[in-house]
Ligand code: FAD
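One chain comes next, on its own, written out as structure tokens in the form predicted alone.
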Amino acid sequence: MDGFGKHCLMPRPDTASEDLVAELTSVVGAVHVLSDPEVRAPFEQDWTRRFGGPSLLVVRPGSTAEVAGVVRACASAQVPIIPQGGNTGLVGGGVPGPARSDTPAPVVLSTSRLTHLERVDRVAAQVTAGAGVPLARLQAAAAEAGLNFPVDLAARDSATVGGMVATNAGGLHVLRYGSMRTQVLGVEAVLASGEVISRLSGLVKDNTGYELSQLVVGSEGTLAIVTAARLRLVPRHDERVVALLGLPGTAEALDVLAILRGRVEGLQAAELFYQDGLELVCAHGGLAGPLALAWPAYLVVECAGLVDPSESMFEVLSELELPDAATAVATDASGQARLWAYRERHTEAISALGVPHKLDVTLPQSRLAEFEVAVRKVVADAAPDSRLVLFGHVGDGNLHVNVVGPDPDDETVDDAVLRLVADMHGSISAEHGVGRAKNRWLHLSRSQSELATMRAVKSALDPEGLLNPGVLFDTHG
């Protein structure tokens, strides 16, 4: 399996045997072993509809002990396991790959029943959440305790803690609080051997050797299956202001962002999109435009604090001398939601056009304006009949390149865009992960020494290649 140890998963005549089904049933109960093809189908395709493949079974364990039992049973039968959270991933990292004659169909291990959420520890500002807890539920629990969980995603109602840990999710507030890795104080996880590692004490200081929890964060289910996480919370900032600004282009958006960063406290989101994307969102959602005039680029910024930040925001906007037709500001919740909708509804509007090639990349902020111009030309050359929609988190250099038109299996435009990113010293994956979508391009962002080290870690923890084969590493490449 491409360097994952001397043992490889090989098809066995009894892979789909009744013995495995019986053993899994004894672990989780018959109702949680799903074999019907129609019932399995939603677990076998990712949100983009671009990635997926057949599974042998879908299993839904309800505890860490049951997860360990499932892993041991599959390991004994040499059947691979695909860990899956809310299945909101966009790179094929939580679904089976295409069927192969030399590899047995995998078991999808859904963490949807791992929904235990402990009481918030207000003193420590921490909480322990099961891998299947949806982000929105976690945020609500934190809010009830007068705190906030700082990672926020448009898929908050479906995305789960385990998936967010596994992919090191980013989202809207990385600018202020960092990605998921920053919020994780410890994890409980099941290794490929069926052994459990657990670090849920929440100790802020603990220098006792390797930090295994952080090793698991961002590993995309290839090293262990996360069953719970100890998470840090932050103060709840109910005073907030949101501004949507129309601007001549990306360079001007970056200039405004630099000024806001230095002048307005509590800046926690800075999002960029363009006129073509706005038109798509308005047509898809039946929305009126946010401003009286159309602009080439739009910047959405949000500031939040214990005291009202709107005065500072208005002061800076006044000094910028933007025309009235270029600004919309909201200090109330309904107005803020209205302005945010123009950015957050991009993903669903793009998906409505067809199956998108979603390329989530990071660039040095100083090169974002250059990249925007270059990527439009690269996509036009690689896929002349396609439709390109750009948007992203300009505050941390993360742009989402969405191309609709090429066949889902045609990777010409993917290759062109990711090589452009590498040439501009960026990363081929900012927050979605590598998954199956980008594993063949991982070498563009990681050196050979780094790749060898990563493979050595994988081989040490999962010598049989049981966990998520084909994700992160191109095992058949």
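Note that residue numbering begins at 1 and tracks the sequence as displayed. Owing to the predicted nature of the structure, the values given are computational and were not obtained by experimental measurement.
The same protein also exists as the form predicted together with the named molecule; that form is not shown, yet it is the one meant from here on.
Visitor: If you check Ala243, Ala253, Cys74, Ile225 against the named molecule in the predicted bound form, which one has a heavy atom within 4.5 Å?
Guide: It is Ile225 that has a heavy atom within 4.5 Å of the partner.
Visitor: Looking at the partner-bound form in the predicted bound form, is Trp47 within 4.5 Å of the named molecule by any heavy atom?
Guide: Yes, Trp47 lies within 4.5 Å of the named molecule in the predicted bound form.
Visitor: Using a 4.5 Å heavy atom cut-off, state whether Cys282 contacts the named molecule in the predicted bound form.
Guide: Residue-level check for Cys282: no, no contact with the named molecule.
Visitor: With the partner left out of view, is Glu220 within 4.5 angstroms of the named molecule in the predicted bound form by any non-hydrogen atom?
Guide: Looking in the predicted bound form, residue contacts with the named molecule include Glu220, since a heavy atom lies within 4.5 Å.
Visitor: Looking in the predicted bound form, any heavy atom of Pro80 within 4.5 Å of the named molecule?
Guide: Flag for Pro80 set to no.
Visitor: Among the candidate stretches 308-316, 120-128, 157-165, 378-386, which one is within 4.5 Å of the named molecule in the predicted bound form when only heavy atoms are counted?
Guide: Only one stretch passes the 4.5 Å heavy-atom test: 157-165.
Visitor: Taking the named molecule as it sits in the predicted bound form, which residues of 90-113 have a non-hydrogen atom within 4.5 Å of it? Please list them.
Guide: Residues within 4.5 Å: Leu90, Gly93, Gly94, Thr111.
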